[in-house]
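The chain below stands alone and is given as structure tokens, in the form predicted alone.
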């Protein structure tokens, strides 16, 4: 029998977006609402601590930058699939969030005159990346978490694994969750909710994501009847450290780092002669893979062939000032000191442009439920996200969704939740999965899923490979059954958690592969070798994906919102 917790606003996830939403909901309600943050890790273990390079915002119009330039760079970077009304709202709110963090104690790097410093990032026409050395995410999370602790009406439920969203009659009613410490099952009844569970990067074997980024929120929303959007667009960051996949921040290239092939050439001159290494991520990743496939890369372990990222010319003093964590990471995980030799890198799974369908303000189709951060698809990033636009997306949409959730909760009351729905979820987890133990070894299935996605749904795709991926993912779903859990205990059962995560990943991986097969064009991060051109006539539209009664994805489409900037050729 589920234990019941009643709250006003429930935030699912504790990264940048979740913490910012919680703070805003607490502020907006002036202490009148209880705000519950439910997170499967301790808040400071959220993946947001890992971002390094910076947070975008137009701070200095006196130096030639403008909101329109930030918006245009974002829309062009997105290969014209971004909704332009959402982008215009986003860029105008971005500076407010940067200054708000500053007021809360964020240690932004400073110019000599004391103003916030900014560095260059790929696809941006001006230096817009506010940074704190190369540990920006850690400092931002510390700032937000410390700020959240000042509000008595914010309560954290650390290490509670959310298993389902409860949506009835088109309205959000609450969530179910397992407390990992005890194994007890909980029902959180809430007036409003914000989904902020992050991305899905662990679908891939070579990835920058923390082990907790397992598509839980996307799968929960999809199963609850909410559509996913633009799932075919998965970003591969150009500089994943070989062989670990740990991110080597774009800040290295922002500070002047070079990419080199095995002939010692700065090969980006062939692909983006104007921007070179600071072209958008999809352009650089495709260039790297072309160099590798045409024999100009270096042979790497386990098939992870690579190119080199060289920052020796920056000098030890600048590296230690601006990129100390990158240096430490390269020494520790690749045995390379970048002061003395280049780092081995290749494209690595890094960001999902797709996610739960939400409108310009982050509202999902379910009344009372909003989505923020990487789990959401507001259509800010279109077919390719620019670096540093994700962390500010989390802050802007954390603020917007937290505010709206609080306003909604202050006007509404707790609704009844179907006892049958809660009971069925409890039986699914504890009777069918924990006790039932059907299916094969989940860890083997997970490896095969990741290998399949990395082989066939990577930077370059084609019909043959995608059909093989879809066939394999179907087979893995059958072999998974309802999940084989060898550990039958309830307290801190990480085996059960891994099986629940794999259940979500198999669901979302299949949607990603089906959506990639469905879109017969090349656009941004989605490169079809058999359809090498962008096709605005047929494909200037968003893919909307609903879960059919048989579990198969059902496709429909939404137009792209164009306000000022019609699509043109994309050159860098």
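Positions refer to the first chain, counted from 1. Because the structure is a prediction, the values reported are computed rather than measured.
Not on display, but discussed next: the form predicted in complex with a small molecule.
Q: Report whether all of 13, 160 and 208 sit within 4.5 Å of the small molecule in the predicted complex, measuring from non-hydrogen atoms.
A: So, yes: the whole triplet contacts the small molecule.
Q: So which of 257, 77, 198, 354 gets a non-hydrogen atom within 4.5 Å of the small molecule in the predicted complex?
A: Checking each option against the small molecule in the predicted complex, the one that comes within 4.5 Å is 198.
Q: Which of 277, 216, 97, 83 has a heavy atom within 4.5 Å of the small molecule in the predicted complex?
A: After the contact test, the surviving option is 216.
Q: Given the stretches 303 to 311, 385 to 393, 424 to 432, 331 to 339, which is the single one in contact with the small molecule in the predicted complex, using a heavy atom cutoff of 4.5 Å?
A: Answer to the contact question: 385 to 393.
Q: Find out whether any non-hydrogen atom of residue 51 is located within 4.5 angstroms of the small molecule in the predicted complex, and reply yes or no.
A: So residue 51 counts as contacting the small molecule.
Q: Using the partner position in the predicted complex, report whether residue 17 sits within 4.5 Å of the small molecule, counting heavy atoms only.
A: Residue 17 belongs to the contact set for the small molecule.
Q: Report whether the minimum heavy atom distance between residue 40 and the small molecule in the predicted complex is within 4.5 Å.
A: Answer yes; at least one heavy atom of residue 40 falls within 4.5 Å of the small molecule in the predicted complex.
Q: Mark residue 47 yes when one of its heavy atoms lies within 4.5 Å of a heavy atom of the small molecule in the predicted complex, and no otherwise.
A: Result yes; residue 47 sits at the interface with the small molecule in the predicted complex.
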